[in-house]
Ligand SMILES: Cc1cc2nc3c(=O)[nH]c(=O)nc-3n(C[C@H](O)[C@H](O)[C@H](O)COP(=O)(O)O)c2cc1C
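Given next, in structure tokens, is a single chain: the form predicted on its own.
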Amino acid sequence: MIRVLGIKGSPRVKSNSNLMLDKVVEGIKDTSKEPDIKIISPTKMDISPCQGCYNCEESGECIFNDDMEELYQDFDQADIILISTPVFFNGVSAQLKTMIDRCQAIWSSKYRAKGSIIDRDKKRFGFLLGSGGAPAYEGQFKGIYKVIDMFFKVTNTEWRGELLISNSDEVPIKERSHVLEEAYGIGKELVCDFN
């Protein structure tokens, strides 16, 4: 059984980036036998922002006891991690960034404290789905790319690719059948590559 964690970074339920993630998941469902799929939205979760207090560097644990405790386990158990996000102010959404910032506890557990809270030897694949409302411009996705790259590195997740679509304010993803087909195909490929 393949375990998939989908992280919907947009605070808007029917957003362009979330729709792409849904299509990837559909491709996974149609390819994998009984996949274990969990979809989360940081917007709907109780996640306190990192305080930079360094407690996790000593103990390997965060001072907050909130929904991140379950997410640390989800990151550890996932075989495939999908992340979708719009470009907000040249970066990922604030809700997604809050979740990612709390992964400092994972980094600290690996490099400062006595033991990693995530299996460093487990094989995991990661994929990024991003939408930019503005017409394409140089560096449009640079901010989200850097943040997600660090998230994948901290969670020992192999970056398997990205689907980044511009101009989604003018031409929404739901009107782009070729993008939806590509996203669906990505789901199928991820399952085949993982097995």
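Numbers for residues come from their place in the sequence shown, where the first is 1. These numbers come from a predicted model, not from an experiment.
There is another form of this protein, the form predicted in complex with this ligand, and it is not shown here; the text below is about that form.
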property	result
Ile100, Val87, Ile118, Ala78 - the one with a heavy atom within 4.5 Å of this ligand in the predicted complex	Val87
Distance check, Ser168 to this ligand in the predicted complex, heavy atom within 4.5 Å	yes
Heavy atom of Tyr137 within 4.5 Å of this ligand in the predicted complex	yes
Contact flag, Lys174 vs this ligand in the predicted complex, heavy atom cut 4.5 Å	no
Touches this ligand in the predicted complex: Gly27 (any heavy atom, 4.5 Å)	no
Options 33-41, 129-137, 61-69, 148-156; stretch whose heavy atom lies within 4.5 Å of this ligand in the predicted complex	129-137
Heavy atom contacts to this ligand in the predicted complex at 4.5 Å, residues of 1-32 in sequence order	Ser10, Arg12, Lys14, Ser15, Asn16, Ser17, Asn18
